[in-house]
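Encoded as structure tokens, the following chain is the form predicted on its own, with no partner shown.
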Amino acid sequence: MKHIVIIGNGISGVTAARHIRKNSDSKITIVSAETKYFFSRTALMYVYMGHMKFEHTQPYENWFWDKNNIELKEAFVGNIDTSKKILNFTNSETLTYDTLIIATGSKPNKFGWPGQDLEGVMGMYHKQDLEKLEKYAPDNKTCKRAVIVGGGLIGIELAEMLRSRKIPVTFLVRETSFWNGVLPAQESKMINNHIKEHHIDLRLNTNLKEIKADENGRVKSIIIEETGEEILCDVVGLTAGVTPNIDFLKDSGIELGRGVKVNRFLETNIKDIYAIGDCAEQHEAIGQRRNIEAVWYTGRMMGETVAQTICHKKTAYKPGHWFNSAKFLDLEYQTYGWVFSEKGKKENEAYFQWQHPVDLKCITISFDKNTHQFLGINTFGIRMRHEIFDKWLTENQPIEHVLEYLSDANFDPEFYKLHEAEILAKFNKENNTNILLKKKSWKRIFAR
């Protein structure tokens, strides 16, 4: 019987296993040293915040794996002998395979800071990080202050987690404005203000120099690069991005770049070995998408895709139009298509922006200034329907069409105030046009 081994039990690896089982009676083994059972990584923050228990993050009951004849192996892979098709574990055990799927995800970036491996220093990616946080920051008596280094999505989540236990937080962000390498200026500025309103000590344009230890080898303080200022703290969160978790593959003969190099079918340079999820790097980017995408839904899509190929229906990975969503504390964010920061903006791109004068609500719509083709939208504080924007992007609709039917994409809860008329009025004024909301859109607004 063919033996399919999957290294990694995150969304990518587990999705691949489930879909292979639907179409094959092959032996399937999932290997992971992190946890025995698959859990929702994005839910870890809610465990710490007291909204759920860890077992609630597991989408499947423990009996699911036996019932579906999927074996689980708790072990850490030290290296792979690809010529003999053998996994060598760090405990000296081995496991043979016929087909191998590498789905090892990411690990937090470290940049050689002195003290980066001290007790009390952690990322916020693995279950073990959650356990460390519970150990070193159970409350604001044990942890008098935490310092977070890195201004991405994981950093803002960690800040929210710590503030939920009333732990003071200093947030070091090397950029001049939060996430301004991704977001347009109005949105980045709004998030800066929102972070400060939550009593988080946001330090922009600030870099970490070193982490200092006390006499027991635990975090005592950090030193700021620019000023030499020392900030006393008990916990340091390193959230300056992630990189593919591939160190164990360096002598395997598998082609590596920043991640595991794959083609459109998620195949590596070695027969019968595939890579999916955060650790997979496309040889050539698909459209404007990044070669590596550490996003939950793309990992799931890759798992579904590779399962088709392994089950004799060779299928290319097609991620479709870019989309994502996140929360900055209690501010909801969605993006569909491409809206770049001012630095990443291309010559043919123009932005239409609207921001509520009081509430934390704004949108940025990107469009081709020559053809008016709709390219993407960022929305904060207003919930929008993915399927509608996906359709408009596929149809290459103009921005005028998007604005005419914008209320049809809105799915804010009932009785929420709608702003489509204000948004359209601003566009008309700025562009000397007279676009009207379509009749069905007006009916929908008045009905609410």
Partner chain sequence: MKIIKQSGLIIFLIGLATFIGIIFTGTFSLTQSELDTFIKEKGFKSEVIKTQLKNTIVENKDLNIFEFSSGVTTALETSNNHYNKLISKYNSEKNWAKKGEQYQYKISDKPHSLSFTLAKKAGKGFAAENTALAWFLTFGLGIIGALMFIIPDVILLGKPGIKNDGIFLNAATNRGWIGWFAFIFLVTFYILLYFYPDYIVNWVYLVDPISISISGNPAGQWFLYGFLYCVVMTVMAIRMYIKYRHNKYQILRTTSVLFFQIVFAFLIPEILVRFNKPWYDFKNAFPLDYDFFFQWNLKELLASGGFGLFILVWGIVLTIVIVPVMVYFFGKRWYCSWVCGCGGLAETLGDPYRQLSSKTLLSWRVERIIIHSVLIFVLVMTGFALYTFFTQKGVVLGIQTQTIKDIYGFLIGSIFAGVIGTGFYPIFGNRVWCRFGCPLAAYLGFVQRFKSRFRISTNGGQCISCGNCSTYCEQGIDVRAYAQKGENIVRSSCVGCGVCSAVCPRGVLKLENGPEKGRINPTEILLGNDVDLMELVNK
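Note that the structure is a prediction, hence the values are computed from the model and not measured. Positions refer to the first chain, counted from 1.
Although not depicted, the form predicted in complex with the partner chain is the subject of the following passage.
Checking Ala185, Ile231, Ile286, Ala316 against the partner chain in the predicted complex, a heavy atom within 4.5 Å turns up for just one residue: Ala316.
Checked against the partner chain in the predicted complex, the candidates Glu197, Asp139, Asp117, Asp251 yield a single residue with a heavy atom inside 4.5 Å, and that residue is Glu197. This chain is displayed without the partner chain, yet in the predicted complex the stretch 289-297 from 267-275, 289-297, 242-250, 91-99 comes within 4.5 Å of it by heavy atoms. The shortest heavy atom separation between Phe380 and the partner chain in the predicted complex exceeds 4.5 Å. With a 4.5 Å cutoff on heavy atoms, Met384 counts as touching the partner chain in the predicted complex.
In the predicted complex, at least one heavy atom of Phe323 sits within 4.5 Å of a heavy atom of the partner chain. Within 4.5 Å of any heavy atom of the partner chain in the predicted complex lies no heavy atom of Glu347.
Using a 4.5 Å cut-off on any heavy atom, the residues of 409-426 that reach the partner chain in the predicted complex are, in sequence order, Asn410, Phe411, Asp412, Pro413, Glu414, Phe415, Tyr416.
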